[in-house]
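One chain is shown next in structure tokens, namely the form predicted on its own.
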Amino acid sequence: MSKMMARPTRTGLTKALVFIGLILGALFAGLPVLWMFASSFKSNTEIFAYPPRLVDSSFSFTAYTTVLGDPQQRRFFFNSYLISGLVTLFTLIVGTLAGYSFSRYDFKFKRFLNLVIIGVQSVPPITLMIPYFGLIVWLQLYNSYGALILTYMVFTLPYAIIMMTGYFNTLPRELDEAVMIDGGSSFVVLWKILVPISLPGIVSVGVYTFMLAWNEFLFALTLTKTNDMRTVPIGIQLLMGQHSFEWNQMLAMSVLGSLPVLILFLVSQRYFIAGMAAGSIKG
């Protein structure tokens, strides 16, 4: 009898500890975001006021109107949207085709190509900075959209191929055979049957790719030269002047820069989680 009473007690204690851990984790992750959002409505001096206050009496949208009213700042957002959108589109197309090929066909050097794809994922991006810079200059793509799009795809495609291959591996081959018996080609099987079924996997890859391209800083700084080609992360860094920092504008840009990723994740959260879970089942 005592053992039966001890088991529910332990279960309740475990749940309580997990709940407390989740609350602490949420506070640890959420408080900096809340402070960033609240401070974006303050002046530079009020941000560092002591004792600190979450909401100040002089609440103002000045930082947002300054950022949105500056054509140069709007250009940063346009560049980020354009580059991230194109990288996501091209990555999904190539990653889906490659994932289908790796899942459904046996071809020469298949194992070697898999090792190369996994190897690229394991290489720290900063170690490739100088080689990519030289390659981009040699291709005469320096300070262009093409330079960033091609470079980002080098890092997004391996993940997309691995995830889509794993997701296609979870789908029965009988679907392919049924369509081919009716005279359908591999292209019909992929785009008419497998792609609609694989929507969670495609969405998860798309969200990850967009986030990676939107937040990237190092290559965006190195492979561009003029402000007309800069992206949002570089735009935030440019607000750090030699003698003063525009903290409220930096925080306002950070909030505005976080919104697209946040909205994208909230809208596609159900598909994103399902795709991540299914894509990791088989490799």
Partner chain sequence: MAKISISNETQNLTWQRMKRQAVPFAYLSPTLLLLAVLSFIPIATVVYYSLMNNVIITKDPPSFVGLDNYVKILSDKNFFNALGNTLFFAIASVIAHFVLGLLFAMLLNSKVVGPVTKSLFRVIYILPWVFTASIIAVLWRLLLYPNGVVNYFMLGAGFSTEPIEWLSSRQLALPTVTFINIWSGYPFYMVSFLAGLQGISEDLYEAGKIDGASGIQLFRFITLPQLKPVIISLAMLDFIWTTHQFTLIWMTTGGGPVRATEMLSTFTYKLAFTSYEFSLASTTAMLILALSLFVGVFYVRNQRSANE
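Numbering follows the first chain given and starts at 1. For the two forms, the rigid core is made up of the largest set of C-alpha atoms that agree within 1.5 Å on superposition. Just so it is clear, the model here is predicted, and its values are computed rather than measured.
The form predicted together with the partner chain exists for this protein as well; it is not shown, and the discussion that follows is about that form.
_Listed range touching the partner chain, judged in the predicted bound form by heavy atoms within 4.5 Å, from 67 to 75, 194 to 202, 81 to 89, 119 to 127_ = Comparing against the partner chain in the predicted bound form, the contact stretch is 119 to 127.
**Prompt:** How about residue 115: is it within 4.5 Å of the partner chain in the predicted bound form, going by heavy atoms?
**Reply:** So residue 115 counts as contacting the partner chain.
- Message: I'd like to know if residue 101 sits close to the partner chain in the predicted bound form, meaning any non-hydrogen atom pair within 4.5 angstroms.
- Response: Residue-level check for residue 101: yes, a contact with the partner chain.
### Query
According to a 4.5 angstroms non-hydrogen atom cut-off, is residue 267 in contact with the partner chain in the predicted bound form?
Outside the cut-off, so no.
Would residue 55 count as touching the partner chain in the predicted bound form under a 4.5 Å heavy atom rule?
-> Looking in the predicted bound form, residue contacts with the partner chain do not include residue 55, since no heavy atom lies within 4.5 Å.
Residue by residue through 18 to 33, tell me which have a non-hydrogen atom within 4.5 angstroms of the partner chain in the predicted bound form.
Contacts from 18 to 33: 18, 19, 21, 22, 23, 25, 26, 28, 29, 30, 32, 33.
Note to self: My question is whether residue 26 is one of the residues whose C-alpha shifts by 2 Å or more between the shown form and the other one, given a fit on the rigid core.
What the structure shows: For residue 26, whose C-alpha is compared between the shown form and the other one after core superposition, the shift is 2 Å or more.
>> Could you check, with the core superposed, whether the Cα atom of residue 259 shifts 2 Å or more between the shown form and the other one?
In response: No; residue 259 is a residue whose C-alpha shifts by less than 2 Å between the shown form and the other one when the cores are overlaid.
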